[in-house]
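Only one chain comes next, encoded as structure tokens, the form predicted on its own.
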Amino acid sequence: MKKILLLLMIPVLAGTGVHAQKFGGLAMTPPMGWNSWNHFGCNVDERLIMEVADAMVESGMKDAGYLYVNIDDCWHGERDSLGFIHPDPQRFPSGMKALADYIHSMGLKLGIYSDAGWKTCAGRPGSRGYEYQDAMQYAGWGIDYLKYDWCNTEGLNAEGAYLTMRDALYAAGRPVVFSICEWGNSDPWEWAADIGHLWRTTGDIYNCFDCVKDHGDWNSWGVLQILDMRDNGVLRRSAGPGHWNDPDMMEVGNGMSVSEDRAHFSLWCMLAAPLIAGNDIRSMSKETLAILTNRRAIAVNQDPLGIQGYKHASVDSLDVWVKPLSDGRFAVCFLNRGLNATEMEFVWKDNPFNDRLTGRAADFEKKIYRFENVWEDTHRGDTGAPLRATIPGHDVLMLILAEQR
């Protein structure tokens, strides 16, 4: 009887005249957490999710700011006679509410996955036509984050489809971070800020720094390919507290070299991207853990101004990225895109920073900034002299600059 009453409430909620909107006050800095897809694909169950949550706490990732434990595709079972979705009883025998309670007891939050089409990308039941029922089910379970994909959506308008689920989530009443995942096909950075808290800007990432994986009718992309795929000058105009560009989940710890993982993580921090780990954090190496929990890099990503970084210069294989930070500071990331080490000399006075989007500028002839190295405690200096360094292939030198008092 209870479910019948809930079902009858759906059109009432949709037609009350209450102004639907996305939930405010969420994702004021880029969301941090973990997602199952990159490493586990469809091999998910409640034991895995509980073990990952345990590892997130025990490893120090929670203390570093990682909060969301997100189940991607393949958790779904069937819809019941009233249309309500249920988890796969073999994979999640205790049910999603019990799993959410366990996650919440550890001070973490639970995320889930669905799709705007009839079926998910892996062929499970999608949410098309069931948006309000699914949102109510998620609220009842205690879900905190929804990744909403775009497979099997022939004939749908992306903005309209995501508006429908946004309104359904709001009607259900439980605050949920809404992650739009239509791969940037319809320029969501132009329309999604009032709908979701983050939106994918590209197709899927995979664990390669500089390559493309051909699946026949679609591709997966390496780190550099994703970095170059969109006009960053256009994207960064849309980013800020509560609304973020999402270049996809991270591949740190999934098979790239340590230097490539460090560069990957640094770039995502410079881009103010969501930091969603995608590795098996139950068995990660100490090098992977050190990258994912580097406090200075995370502080760059989580800076309260929420300004997405920009490419300041590019010479041969070397890119220079700049991210304005709070308190008049700047993050600078020198990226070696090539395979071989490169010798660098950066003359600060010849390279003033001038971010036209924000008006933030640094004239190194007039002011000297001290800097610290994000990845090495011993490397400190100031902008009064040229910076000379050797950057290994597929690696970075990342600095935080503060005005010298």
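Given the structure is predicted, the values throughout are model-derived calculations rather than measurements. So that there is no doubt, residue numbering starts at 1 and follows the sequence shown.
This protein has a second form, the form predicted together with ligand GLA, left out of what is shown; the following refers to that one.
J.: Would you mind picking the one in Trp141, Tyr102, Tyr130, Trp183 that has a heavy atom within 4.5 Å of ligand GLA in the model of the complex?
T.: After the contact test, the surviving option is Trp183.
J.: Answer with one of Phe178, Phe334, Tyr113, Tyr162: the residue that has a non-hydrogen atom within 4.5 Å of ligand GLA in the model of the complex.
T.: The option sitting close enough to the partner is Tyr113.
J.: With ligand GLA left out here, work out from 306 to 314, 198 to 206, 266 to 274, 324 to 332 which stretch has heavy atoms within 4.5 Å of it in the model of the complex.
T.: Only one stretch passes the 4.5 Å heavy-atom test: 198 to 206.
J.: With the partner left out of view, is Lys147 within 4.5 angstroms of ligand GLA in the model of the complex by any non-hydrogen atom?
T.: Yes.
J.: Can you tell me whether Asp72 touches ligand GLA? I mean in the model of the complex, with a 4.5 angstroms heavy atom cut-off.
T.: Yes.
J.: Just to confirm, Leu235 within 4.5 Å of ligand GLA in the model of the complex by heavy atoms?
T.: No, no contact at 4.5 Å.
J.: Wondering, does Ala122 line up within 4.5 Å of ligand GLA in the model of the complex on heavy atoms?
T.: Flag for Ala122 set to yes.
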